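Read the single chain below, which is given as structure tokens and is the form predicted alone.
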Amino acid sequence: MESKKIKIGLIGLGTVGSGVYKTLQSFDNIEIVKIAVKNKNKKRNIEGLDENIITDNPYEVVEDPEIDIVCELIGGMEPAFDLIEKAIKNGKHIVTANKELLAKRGVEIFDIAEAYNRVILYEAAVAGGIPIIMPVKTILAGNKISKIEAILNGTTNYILTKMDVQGASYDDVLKEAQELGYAETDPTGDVEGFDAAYKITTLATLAFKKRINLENVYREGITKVRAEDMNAANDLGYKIKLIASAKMDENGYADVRVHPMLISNQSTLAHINYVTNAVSLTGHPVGHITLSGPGAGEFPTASSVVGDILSIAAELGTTDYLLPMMRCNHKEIANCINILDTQNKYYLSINAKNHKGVIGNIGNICAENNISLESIVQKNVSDNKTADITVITELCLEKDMQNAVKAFEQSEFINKVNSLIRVQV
């Protein structure tokens, strides 16, 4: 007797949707019965695509009574939220890659899913093709995870790697990345850290078993990173990466953020280059582990989406409560630390007048703001009698560092603070 096929509806047939369609063709127990697209007349390089199942009305997908699982692959807030809500209320399980929706309205969408006894899986929404959601929810469930450091955006990692390798400016590398298709025409979501912030919000929520509110996630992009900073970092034994991090302290406060960071050459993340992504977790009893791989792309992301589809499909008809370990079962909202109250090490690049007492002035300002220095190096005295000075601090409070920067900018000895970048501890 032939088993019943699981009916799938796709919303979106772009890069990821196309990969999902192509991948699912090799599974006999899965049938895609409807696909919603924005433009039905667009030519698509998909062999054997049945034009009869394509619609430009996504509500036809979520309201189709024969569909078991809806895959939302269009991204953004609306109409994605409304479509997922209606699909759940119509009895569909959900697979999504929508990191923004999960970060901003995940609480609502998971509550709706639980009320209607439906599952939402989202492996592709955090690290593309890298399996991280299911490992955290299942095989790592017995761990108390205390720290995450991750490279979660391929565009910014590509730009920073090219700046490092070529010694080129941010603007030049961004232009090249746009021409190659690695960066969008409007790259704001990537280069200003929004994309990584959405992802670390969801990942930290899972890892800490407390809900992280996106508005409490500190975010800073890579647009101020200079080629000179790359060179200085190399001289000091570091690489500069856009790091999404999350820590839970002994008092139960979460520190969740995205910003450029000097990463030690001894760290695995320092060697994650170009569009590759990686997630490093620290927990007990597992210790320290890193998972790396492609964080985006047609087939890597499709791998995660299809894995979620098959996980749901395997349970359909076998139980009244699917995949209990994968459900959102934490209601407590995490207390988050304001960035000003965090302790960090810092790299500063300061352009100063080449006068006697400049180094002493910098040291005095730091001392007045409770900052100790690990190293201070002056080089590159230019024709106009200015010098570039590189400073690495010991651990100090962010608020003290910001006060010191204001004092530097008012000092008669100092022309400009070129860069302030936090350093991995």
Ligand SMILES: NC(=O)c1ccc[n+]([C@@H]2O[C@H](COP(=O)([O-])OP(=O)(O)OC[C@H]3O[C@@H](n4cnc5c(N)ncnc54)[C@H](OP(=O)(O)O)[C@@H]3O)[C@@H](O)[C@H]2O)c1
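A residue's number is simply how far along the shown sequence it sits, counting from 1. Here the structure is a predicted model, which means the values were calculated and not measured.
The protein also exists as the form predicted in complex with this ligand; that form is not presented, and the subsequent description refers to it.
Here the chain stands alone, but in the predicted complex its contact with this ligand, taken as any heavy atom within 4.5 Å, falls in 96 to 104 among 135 to 143, 96 to 104, 159 to 167, 248 to 256. The closest non-hydrogen atom of T15 lies within 4.5 Å of this ligand in the predicted complex. A residue is said to contact a partner when one of its heavy atoms sits within 4.5 Å of a partner heavy atom; S372 fails this definition for this ligand in the predicted complex, lying far away. The closest non-hydrogen atom of L73 lies within 4.5 Å of this ligand in the predicted complex. For N45, no non-hydrogen atom is located within 4.5 Å of this ligand in the predicted complex, even though that partner is not displayed. Taken together, the three residues G221, N344 and C396 all stay farther than 4.5 Å from this ligand in the predicted complex, as judged by their closest heavy atom. Out of the listed residues P131, G189, P79, G91, P79 is the one that sits within 4.5 Å of this ligand in the predicted complex by at least one heavy atom. This chain lacks the partner; the member of I69, A36, I362, V62 within 4.5 angstroms of this ligand in the predicted complex by a non-hydrogen atom is A36. Scanning 289 to 307 for heavy atoms within 4.5 Å of this ligand in the predicted complex gives G295, A296, G297, T301 in sequence order.
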